[in-house]
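The chain below stands alone and is given as structure tokens, in the form predicted on its own.
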Amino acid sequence: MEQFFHILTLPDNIPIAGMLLLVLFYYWLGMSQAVKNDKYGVNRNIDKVHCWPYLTRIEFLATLLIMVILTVWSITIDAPLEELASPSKTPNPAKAPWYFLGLQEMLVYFDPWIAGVILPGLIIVGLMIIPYIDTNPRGGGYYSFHQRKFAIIVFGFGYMLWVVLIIIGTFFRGPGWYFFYPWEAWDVHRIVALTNVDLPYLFGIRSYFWSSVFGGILVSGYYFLGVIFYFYLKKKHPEFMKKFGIIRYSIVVFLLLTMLALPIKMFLRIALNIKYVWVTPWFNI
């Protein structure tokens, strides 16, 4: 564990560790307030206060506190600057800034065009269209879980998944971008035999053509689950589905299934050494 604590206390990683603790704390705080409101109700006349001077005063005090912390921090801890870049000496592992480590970790499980272009683009587009597909008027202006279960669960899962990717990339990816457990020392000479195979290979399919067909059927069938679930909801909740509409449903299900594909692919790679599910001459998934 000595190696892990050394990594944890590096000047670069101290703010990341602190940020992760704050994420967990404020997530718990928000959810506990939501459960409390659902249990005891919300008195909107009492809970609403003016921004001036109440909220503005709190924000001003918080700004002063952060300035004091950053000032003391900058005096007591040296900036983690390195020597000038040299082509003859490259860092190992070469890591992106912490806010890009989620993307760098996704490159382990997907091709660059998916991990670096498609998935980030869907994240941005998905965040932009939330106000247009989530028109539930309840739960606005106060914390509530009961009135926004689906939205909170999906958004919370996606957000925590991104946090997990950052944690793995920061504290568990060592030299060669190999995965190291906390009790393992980072060995720059470590060599891991890659035995990853494509999913069709496990089913005895050796033909390149039939591997493409098999993978295409699996991926299409995975997204076809959204169609099956649509008819189930239409039968179970006809009024809701009529109001929600097939267009909004299709967008939500497509984004949801695409998000769930990331942990599924991570499991396949880590547990079963699966490299690709769908192999074609033009792209691999």
Partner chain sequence: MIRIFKQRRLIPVEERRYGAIFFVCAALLTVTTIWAVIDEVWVRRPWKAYQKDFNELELQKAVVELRNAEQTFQSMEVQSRYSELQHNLQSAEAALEDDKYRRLTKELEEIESHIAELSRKLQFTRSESDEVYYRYKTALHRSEKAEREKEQLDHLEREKEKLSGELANAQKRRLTLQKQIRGFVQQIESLRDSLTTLRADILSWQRKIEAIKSRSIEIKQIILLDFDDNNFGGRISRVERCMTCHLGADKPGFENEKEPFTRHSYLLDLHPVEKFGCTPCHGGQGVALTARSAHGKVEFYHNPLLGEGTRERLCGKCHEDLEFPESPTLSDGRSLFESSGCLGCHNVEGYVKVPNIGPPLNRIAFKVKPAWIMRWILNPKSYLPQTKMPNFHSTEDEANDVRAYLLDASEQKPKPQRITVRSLDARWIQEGETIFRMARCISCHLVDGKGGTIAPDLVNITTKVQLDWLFDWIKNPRAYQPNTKMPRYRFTDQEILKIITYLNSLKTSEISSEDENFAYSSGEVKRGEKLVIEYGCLGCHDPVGQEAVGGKVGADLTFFGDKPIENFDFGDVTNISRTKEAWILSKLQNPRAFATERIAQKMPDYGFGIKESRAFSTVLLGFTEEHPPEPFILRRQPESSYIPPGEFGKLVTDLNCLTCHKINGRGGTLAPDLSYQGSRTNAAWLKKFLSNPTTLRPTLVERMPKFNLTDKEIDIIINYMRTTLVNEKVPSEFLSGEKFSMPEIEQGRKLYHEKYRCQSCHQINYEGGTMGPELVSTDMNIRERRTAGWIFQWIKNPKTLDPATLEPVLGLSDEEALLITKYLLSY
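Note that the structure is a prediction, hence the values are computed from the model and not measured. Numbering follows the first chain given and starts at 1.
Quick note: we don't show the form predicted in complex with its partner chain, though the next part is all about it.
- Proximity of M128 to its partner chain in the model of the complex: non-hydrogen atoms within 4.5 Å are absent; the residue sits far from the partner.
- Residue contact check for T90: none of its heavy atoms lie within 4.5 Å of its partner chain in the model of the complex.
- Interface residue remark: T76 is counted as part of the site for its partner chain in the model of the complex, having a heavy atom within 4.5 Å.
- Contact check for V72: a non-hydrogen atom falls within 4.5 Å of its partner chain in the model of the complex.
- From the list 249-257, 64-72, 222-230, 236-244, the contact stretch for its partner chain in the model of the complex under a 4.5 Å heavy atom rule is 64-72.
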